[in-house]
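Single chain ahead, by itself, as structure tokens, in the form predicted alone.
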Amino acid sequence: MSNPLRGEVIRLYKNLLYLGREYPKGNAYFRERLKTAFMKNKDVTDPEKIRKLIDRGEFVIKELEALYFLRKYRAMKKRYYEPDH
């Protein structure tokens, strides 16, 4: 377990757990899916494959952030602007 990417994987997992608190389907749903995804790839030892999985995780983080920003924007727009009807 002296893999140099281990710290990055743990950091990625913690960041995703943090972002999952606001997931639309609920924190429990997100946490279970996250755990399943990480456990599925726990036996990967090739550094190149691990790097690709980390990059995919970073992409998921960006997508979640975009989802949350869009939700906040829509809530603010609904709150402060009149409907166009």
Partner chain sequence: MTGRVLVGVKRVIDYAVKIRVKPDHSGVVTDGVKHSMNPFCEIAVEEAVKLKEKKLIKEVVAISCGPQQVQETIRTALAMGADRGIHVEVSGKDYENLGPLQVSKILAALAKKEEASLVILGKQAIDDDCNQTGQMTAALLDWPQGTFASEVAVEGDKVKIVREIDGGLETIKVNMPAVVTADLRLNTPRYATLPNIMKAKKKKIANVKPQDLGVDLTSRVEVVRVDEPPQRQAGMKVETVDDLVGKLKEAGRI
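Here the structure is a predicted model, which means the values were calculated and not measured. Residue numbers count along the first chain shown, from 1.
The same protein also exists as the form predicted together with the partner chain; that form is not shown, yet it is the one meant from here on.
Within 4.5 Å of the partner chain in the predicted bound form, a heavy atom is found for all three of E65, Y68 and A75. The closest heavy atom approach of K25 to the partner chain in the predicted bound form falls outside 4.5 Å. In the predicted bound form, the partner chain stays beyond 4.5 Å of every heavy atom belonging to V9.
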